[in-house]
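Take a look at this one chain, the form predicted alone, written out in C-alpha cells.
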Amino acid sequence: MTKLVEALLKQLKDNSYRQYRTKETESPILYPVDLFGFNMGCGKPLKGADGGNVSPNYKRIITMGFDATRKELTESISAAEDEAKKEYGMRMLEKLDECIRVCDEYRETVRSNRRLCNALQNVPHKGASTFYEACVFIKLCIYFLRIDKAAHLGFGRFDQYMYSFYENDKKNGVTDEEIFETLEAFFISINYDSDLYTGVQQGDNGQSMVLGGFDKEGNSMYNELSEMCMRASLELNLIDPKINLRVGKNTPDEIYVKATQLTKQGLGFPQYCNDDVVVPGLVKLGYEREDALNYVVAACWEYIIPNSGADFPNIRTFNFPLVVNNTLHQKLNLCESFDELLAEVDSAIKCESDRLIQSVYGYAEKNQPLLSLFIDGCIQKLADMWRGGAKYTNFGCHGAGISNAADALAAVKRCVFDEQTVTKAELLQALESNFEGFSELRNTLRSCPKMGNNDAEADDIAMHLMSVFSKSMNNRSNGSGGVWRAGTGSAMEYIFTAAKCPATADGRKASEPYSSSFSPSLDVKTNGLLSVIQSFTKYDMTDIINGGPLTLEIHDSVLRNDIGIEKTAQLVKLYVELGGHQLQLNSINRERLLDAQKNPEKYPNLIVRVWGWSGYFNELDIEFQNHVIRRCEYLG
C-alpha cells in the first residue's frame, strides 16, 4: 500500500468524515490527497428513487464522451418525425446539458488539484484516454445518475470494459504499481458517499462489481485487472465495491484460493456466480446467448444484462411459508393423504403466482431520460429505457422462505400422514396458538427432516415447490414487453415479510424471520457444510435463475491457516461442480458479534454479509444484526 493510499484510507476511516457525511451541502469537498479530489455525492441523501437495479453502459459513455453523445442525440432528434419522440429526446438533451454545465463549473473549483484538473480538461467532454481519466468519468456518471434518482447502480463488468484503458496505460509506460494506486484510490473514493445511496440499511447501496467469467468458447476472461481488483479489495478491507466473481467448471483452483482470502478477511464477498448454470438459465428465459454470456448482477445478486437491459429483477416476492400456511389452515382437514395436500399447495402456488403477475401487469418505472442515455438503443429510438428503449424489460420474482416452507410440509407429512403421531386438529390448534401450550409438539415438528441435511424427504419437497413456482412464473408475459423470471432470493423480506406470517409447521413461531434467500432455516442443526451444499444443489437451478444465493456462515477459526483456506476453496469448487448457481460465505465469530452489540465502539470496521450485500455490523438495525448472529456457524 502506497503512502498516498494509506493517507486516503486514514481519511476515510476518520470519524470526522462520518460526521461530514450527514451534512446537507451541494458544494464539492476537496480532500487534501484524494486523486479524485471530490465527493460530489455529499449532497442530500437520495430519496424516492424512480428506478434502478440496472447496469448502465459506462464503457460507451466514457469512451465517446458527453460531446459525442450529445451529437448522436441531436442527430436522432433532428431525424425524428414523431413529436412525442422529439419531445422525449429534448428531455434527454436537457439532462445531458445540465451534466456538462455542472462539470464545467466544477472544473474551475478544483484547480488546486492539478491531476484532477488536467483530467477534467478532457473528460467528460471527450472520451477518457487513460485509466485515471476513465475512473474520474465513472465517478462523475455515478454522481449525476444518483442525484437524478437512479438507485442501486453497480459497476458491471469493470475488469472487462476498463481493460482497454489499463492496456493503453501500460503501452504508454505507466507501471502496474501506478495503475494499482489509482484503482485503490478509486475504490476508496466510492466509499465516501456509499451510505448516501437509498437502501433498506446503511451499506445497501448497490455498488457491486462483477469480475471474471468466460467467453463463448469457454475461455476465462479473468485478467490482470480482475486480479488487481481482488487484491485492492483484500488490502483495503472496505464494504465497497462488493465483489462478485463469475466462475465455472474451468475456473483454476488458485482463483478460488485467492477469493477465499477475501472471505477470510471477513468481507462477506466475493459472491460466486456459476456461469455453467446462469448462462443456460438466462437463455431459457429468452435472452440471446451473446447477451447471457455478458451477464452481471444487480444491486444484490439478481442476474441482469448490462448495457441493453432494463429488467426489474425484484418487483415482487413470493412468500412460500405463508402460502403453505394458508393452505394448511384452509385445506388440511379436507385431505386424506399428503399427496392431496401437496396438490392443494400446488394450486395455491399457481393462484398466488397469477395474483402477483396481475398486480403489476403492464407496470413501468417512471421516465428516466438521463439513465436512458446509458442504455443501448434509447438514443436511437428516442425512447425511455422502461418504455421500449431497452432490449430487455423482464420482471423478476423472489422466492422467500423456500426452506421454511419445505421443512413445514416435511413435518406435516411425517407427523400427520406417515406416522400419524399428530392429529390435524392438534397441529392447527398449535399453529393458531403460536405453540403456546404445545411446546412438546413444537419440538416434534422441529425434529422432523429439514433442508440442509441431504435428506430426500425434505429436499424432494423443496424441489417440488421450486418446480411448481418456476413453471407458474417463467416466461409469462409481464405486459411491459418482457417476461417473468422466478428466483430463490428473499432480499430483506426474510425479515419484513416473515414478520407478517403466523406460526408455521416447521416449528417456527409467528413473526420469526425466515432463512436468508436460498439457505437452511434458522436454528436448523445440519450435518455440516457438505450436507448443506448437497441439499441445495439437487434442483436444476437453470429453471429458477432470477438469482438468490445459498448463504453460509463459517466460523472464522476455519480460515485461520492455509489448510482451512484450501478446504474452503475446494468446497466452493464442489458447489460449482454440483450445479449450484450462486454462493456467498460469511466468516464470522458469534462471540465477537455479541460483543460488538454490547461494545460497538470496539468494532468500528466489523463487516458482515447481510443478504445480497455487505455492511458494517454496527450500522445495521438490531433485527438484521440478530439474524446474522442466529445463522449457523459451520465449524468444518
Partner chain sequence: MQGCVFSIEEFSVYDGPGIRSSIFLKGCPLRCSWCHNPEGQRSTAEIVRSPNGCIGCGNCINSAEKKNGETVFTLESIKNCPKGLLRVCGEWMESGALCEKILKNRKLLKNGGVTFSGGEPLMQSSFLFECLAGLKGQLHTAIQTCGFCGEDVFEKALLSADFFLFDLKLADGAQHKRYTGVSNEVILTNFSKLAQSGKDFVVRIPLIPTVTDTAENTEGIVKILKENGVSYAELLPYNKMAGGKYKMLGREYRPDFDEGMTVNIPKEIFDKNGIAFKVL
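Residue numbers count along the first chain shown, from 1. Just so we're clear, the structure is a prediction, and the values are computed from it rather than from any experiment.
Here the subject shifts to the form predicted in complex with the partner chain, a form of this protein not shown in this document.
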*Heavy atom within 4.5 Å of the partner chain in the model of the complex - residue from Lys139, Arg414, Arg442, Lys391*: Arg442
_the partner chain: the contacting residue among Gly248, Pro369, Gly564, Pro449 in the model of the complex [heavy atom, 4.5 Å]_ = Gly564
*Among 89 to 97, 226 to 234, 550 to 558, 360 to 368, which stretch has residues with heavy atoms no more than 4.5 Å from the partner chain in the model of the complex?*
550 to 558
_Check for me whether the partner chain, as it appears in the model of the complex, comes within 4.5 angstroms of all of Ser531, Leu578 and Glu591 - heavy atoms only._
yes
*Using a 4.5 Å heavy atom cut-off, state whether Asn454 contacts the partner chain in the model of the complex.*
yes
*asked:* I'd like to know whether Ile61 contacts the partner chain in the model of the complex, with contact meaning heavy atoms within 4.5 angstroms.
replied: no
*asked:* With the partner left out here, check for me: in the model of the complex, does some heavy atom of Gln597 sit within 4.5 Å of the partner chain?
replied: no
*Applying a 4.5 Å heavy atom distance criterion, does Leu574 contact the partner chain in the model of the complex?*
yes
*Residue by residue through 333 to 372, tell me which have a non-hydrogen atom within 4.5 angstroms of the partner chain in the model of the complex.*
none
